[in-house]
Each structure stands twice: as structure tokens, then as C-alpha cells.
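First, one chain by itself: the form predicted alone, in C-alpha cells.
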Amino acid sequence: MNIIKTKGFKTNLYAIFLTVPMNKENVTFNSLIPAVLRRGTQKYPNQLEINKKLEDMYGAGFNCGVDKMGDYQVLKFYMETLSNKYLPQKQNAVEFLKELIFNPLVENNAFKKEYVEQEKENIKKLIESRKDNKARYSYDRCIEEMFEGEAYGIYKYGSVEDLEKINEKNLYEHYRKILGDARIDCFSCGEEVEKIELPTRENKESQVSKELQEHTVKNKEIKEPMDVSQGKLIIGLTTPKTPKAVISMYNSVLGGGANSKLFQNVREKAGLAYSASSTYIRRKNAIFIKTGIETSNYEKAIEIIKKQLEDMKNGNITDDEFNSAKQLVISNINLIPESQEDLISYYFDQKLYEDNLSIEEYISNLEKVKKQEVIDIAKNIDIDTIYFLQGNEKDKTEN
């Protein structure tokens, strides 16, 4: 049980996370479970009854879903309520959250068939609509190619083919297995919060606290044609395992904001990209460069991006670039306490990977990073995978 005491919010946020290793056999089952659980419980058997209960709790909110963190899939459940100090009586929000997760509507030792079939159709539409958001689709595809054959390369919602194998009985059996095998973390965030007490069971935390799966460098270049008006170029970089603060600084210098090398040289000076940035995935020791370009500018964009990487290897980082990058990354970390969900996500990540760094300690580590450390790290960062969603050269309108 983790309690995050914080002032400045009129709400309390409660979260329960079920974490399991990501694998192809179970990913689709896992993605379906939160969607089915939210449909009804033994005490509140349908959406109408659940919504009435939420309204009785002064408009409390419930949300759930799945996420991918490193090599793990996380089933996330949230309950947001007004703080008890603003209410005439305690709302028992924690009990209602536990009801939704641990006491589902069951018929003949199975989930309700109607709910399972409806949610299977919803997940199917979600999977089939991946290509609608071209930027997100391209990013996901680069991850899939770069981490092919590895846990992180699996799409978090699974596949339509596996959906067809799921029914109300085997999904319920899998849910019961999840309750026995998953690591369970509970968080309460607010000024006056309830504790989340779960039944005692065998400790499963060691199952998901081991070293991440070793990555094999792919050295790939993939071009995928699609009828889109703007090409999406995503480049995956491999990075050393430590230290995280130095690589965060490297990423910020490279593509963290308007003063970064990618933004200034690819977008502003060369005018090749509609957008140019980079994202650091700490738990997979990877950085992803993201650009939106015209198809005809592909070779030029690759050339200029590679030059930025080489410049950083050769120590060509100005004091202004470095200081602006540090200011930006620290400012972003300082924003975390302004959101209860971000606070919970930060401390869950720290606990899951046994880092145990407070926000203040993380900022302190960033402040200590020297420019030479970034230059030294740059020498060990290389291109792993290049993915290009090849667009239509005739239309320059962004899609």
C-alpha cells in the first residue's frame, strides 16, 4: 500500500495496478479484462447501477485500461472522488473500487457472455483503427520492428486473431489466474485518503522485478507505403543502460524542445520536417526520433538527422543548447506533482523497477549532469531501426 500525501487537490485518486509479464499468448486476454470488469459486478450488475453508485458518491469517476511498461503489461484501475474533508460523510471509494476489480458479475462460473462479446467487438474496432492516427501508428510500428521477437515489441491490445479464441469461460479462467499471479500495487493520492487493504496472499512482486529482456540490435530500414499526405519517419536509437539522468539530458539536447538540435536543424533551418522531436523510453534504454516529412525529403532528412547524432558524438553541443535542454527536462519533472495521476505513475514506475528515487532526488541528479557526460554517452548511442510510413508526394497537407 502506497500513500502519496499531497495538498492542492480537492480530490483523492485511488489506483490499483495488476502487473504481468508481456507475452503474445496472454496480451489479448489481458487487454479485454478491464473492459469486461467495468461492465458489472455482483452488487452492481450493469452500467446503470454502476453509474448510479458513482453519482451517489458526488460524481466520483472510475476509469480503467491497459498499458505497457517495459516488458510488462499493466491492468490499471482508477477511482477519483472528492476528498473526504469536503463531504458530509465518508464515501467508501476504496471498497467500491475493489468491488469493480475483485467481485465481477459471474454467471455459471463465467463472465456474462453479452458483456464479453460486446467488449471483444470494441477491442476489435480499436485494433483495426490503429492506422487512423498515422503518427501513433508509425511510432508503434517502429517499436514492433525494433523489438521484434521481444516482449516490448508486442502491441498492448493484442490481435484480432486472438480475440476470436476468447469466450466468457476462458476469459474468466484467465482472470482468476491473473489474480493469483499478478503483482498488485495500490496507491492513494490526496490530502485525506483511505488505505487500500487487499486480502493477504503469496507475494508475487519478485515475478516482475527482474532485469529486462536483453535487446538484440536490429539494424533495420523499413518503408511501408500508405495513402497518406505526409510521410512519418521514426528512428529508434539504442542507448547504454545507465545513468538515466545523463541519457535524459542527451534526449533533451537532441529533440526535447524548440531549442533542440532536431527542431532547429531539421525543421527550422532545413525546412524538411513539419515536426521533429525525440522521446526517451527509460525502461527499454531506447530513444525514438519522430518526424513528419514529405516523401521526397526522406534521404535529406536521414542525412541531417545522422549529422546531429555525429555532432553530439564529436562534442558539438553549445552551452545554450545544453542549458536550455536541462531547463526543459527539469521543468517537465517539476510538472509531475501538478497531476495526481502523474504522481502515481511516477512512483509506481519507481517501485516497479526498484529505483526508489523521489522527484526531488531525480531533479538533483539532472542538475548534476555535466555536458561532457552527455558527449561521452553520445559515443555509445547508435541507430537501431529506421521506419518510414511513405506518403503521397502530391499533397503536402498534414494528415
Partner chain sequence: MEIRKNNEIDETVYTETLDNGMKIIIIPKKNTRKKYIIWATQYGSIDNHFIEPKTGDEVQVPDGVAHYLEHKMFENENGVDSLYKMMSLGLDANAYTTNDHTAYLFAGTDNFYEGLDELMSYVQHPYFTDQNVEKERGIIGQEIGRYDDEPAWKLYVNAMDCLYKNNPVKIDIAGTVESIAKITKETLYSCYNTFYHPSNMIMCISGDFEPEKIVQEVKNRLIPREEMKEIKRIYPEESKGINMKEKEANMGNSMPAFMIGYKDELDEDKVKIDLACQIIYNSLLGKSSELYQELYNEGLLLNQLDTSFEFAKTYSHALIAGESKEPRKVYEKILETIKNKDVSQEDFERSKKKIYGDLVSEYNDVEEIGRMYLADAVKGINSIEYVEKINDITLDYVNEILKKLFKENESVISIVK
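Keep in mind that this is a model prediction, so the values were computed, not measured. Under this definition, the rigid core comprises the largest set of C-alpha atoms superposing within 1.5 Å between the forms. Positions refer to the first chain, counted from 1.
Same protein, other form: the form predicted in complex with the partner chain, not shown, and the subject of what follows.
- Partner contact region in the predicted bound form: 333 to 341, out of 346 to 354, 333 to 341, 24 to 32, 66 to 74, criterion any non-hydrogen atom within 4.5 Å of the partner chain.
- In the predicted bound form, at least one heavy atom of E268 sits within 4.5 Å of a heavy atom of the partner chain.
- Among residues of the shown chain, K5 is not one whose heavy atoms approach the partner chain to within 4.5 Å in the predicted bound form.
- Residue contact check for D56: one or more of its heavy atoms lie within 4.5 Å of the partner chain in the predicted bound form.
- Put simply, R39 is close to the partner chain in the predicted bound form: some heavy atom of it is within 4.5 Å.
- For the options E214, E161, E299, D320, the residue carrying a heavy atom within 4.5 angstroms of the partner chain in the predicted bound form is D320.
- Of the listed positions (T279, N92, N314, N122), a single one reaches within 4.5 angstroms of the partner chain by any non-hydrogen atom in the predicted bound form, namely N122.
- Contact here is defined as any heavy atom lying within 4.5 Å of the partner chain in the predicted bound form, and by that definition each of E128, V228 and A273 is a contact residue.
- Contacts between stretch 137 to 162 and the partner chain, counted in the predicted bound form as any heavy atom lying within 4.5 Å, involve no residue at all.
- The two forms, fitted on the rigid core, differ between this form and the one not shown by 2 Å or more at the CA of E55.
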